[in-house]
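Here you get one chain, nothing else, as structure tokens; it is the form predicted on its own.
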């Protein structure tokens, strides 16, 4: 089964080719540099870049997979959730391809892609988690953490999803970007915040940390810590960071008037990044452990989404799985951020279980669903 998958849900133009669960190629054209000066994704710029790149990315993915167009059995594409005018580009391209090749069209939920990204088989024919059959992972609890979504999902089988908790406003990844903006670290914020947190850890271990940094008040609230439900909200943490940074800058100014060794922003920002990450992880951990305690029959813990690129997050989630006797599944690094490889994996399961496969003659009405839910 050769699946051609497309994802243009936000600011990455991606096309992948899969043979069942084996990813033959996964090409991603990033738009980070285009959006960097704006501090975030600009929809119209994203759409133009997708239109310019999708043809080239498609050809490269087919070339790397060493197949021809006639070998494609299914055409899969993200229809939501995502940025509406960005989704439209991928959907139009997929519809044209499906119609031209007379191949079935597979509309995929982007979050299902994140959910099953860890089941990929690499070119060596292996799955990093050792999964041979998909039924081995069910029932599962999934923590999906990205720039626009923070969700806890319970699933007994493919296509059967219960959203146990979700973000009420800012998602975890969005909070990373906004806090990076507060600290003047640029866009995207996640990688830079993680890098600086690592530098703080190194400074502590090597004894190079300025003692004055440790005396600064950097206490931050754990979002929704006592809410009693399984939902998330990171807007309060973002606001707390805004005021805390303001207070720290004022305190540093006072200290530098009398201190022999002056404090630079680069000194204290590293510690702030580390604390912000730990507080964010605590917010995720509290709700996830509650979910695990509710769903006693869960066999595995699955994580996915761009924030899982943060090694502090993935290590803590791995430890939670171990502490609760759950099989832990995390995607390979290349399948953690938005990519078409994971869309192809979700499409593979849809085909396997005959869920939502559309004949190429019936695709004219297929359209984007920007707010598509996994439990829809």
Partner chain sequence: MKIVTYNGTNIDEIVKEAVKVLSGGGLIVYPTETCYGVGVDATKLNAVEKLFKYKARREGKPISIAVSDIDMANKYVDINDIARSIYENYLPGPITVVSKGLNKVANGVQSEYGTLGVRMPDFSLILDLVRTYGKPITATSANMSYRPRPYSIKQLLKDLPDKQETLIDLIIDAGELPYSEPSTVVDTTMNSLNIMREGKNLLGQIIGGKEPLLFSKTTSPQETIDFGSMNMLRFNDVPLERPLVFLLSGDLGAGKTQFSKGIARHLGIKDIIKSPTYNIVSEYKYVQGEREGLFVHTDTWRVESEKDILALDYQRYIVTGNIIAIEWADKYLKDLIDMMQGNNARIVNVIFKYLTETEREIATYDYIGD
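Positions refer to the first chain, counted from 1. These numbers were taken from a predicted model, which means no experiment stands behind them.
In what follows, reference is made to the form predicted in complex with its partner chain, a form of this protein that is not presented.
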The unique member of 84, 291, 218, 212 whose heavy atoms fall within 4.5 Å of its partner chain in the predicted complex: 84
Partner-contacting position among 131, 182, 222, 255 - heavy atom within 4.5 Å of its partner chain in the predicted complex: 182
Non-hydrogen atom within 4.5 Å of its partner chain in the predicted complex for each of 97, 161 and 349: no
One stretch from 239-247, 276-284, 120-128, 197-205 that, in the predicted complex, holds residues within 4.5 Å of its partner chain by heavy atom: 239-247
Non-hydrogen atom contact residue 265 with its partner chain in the predicted complex at 4.5 angstroms: yes
Touches its partner chain in the predicted complex: residue 9 (any heavy atom, 4.5 Å): yes
Contact label in the predicted complex: residue 48 to its partner chain, heavy atom within 4.5 Å: yes
4.5 Å heavy atom contact, residue 147 and its partner chain in the predicted complex: yes
Stretch 355-375 - residues with a heavy atom within 4.5 Å of its partner chain in the predicted complex: 368, 370, 371
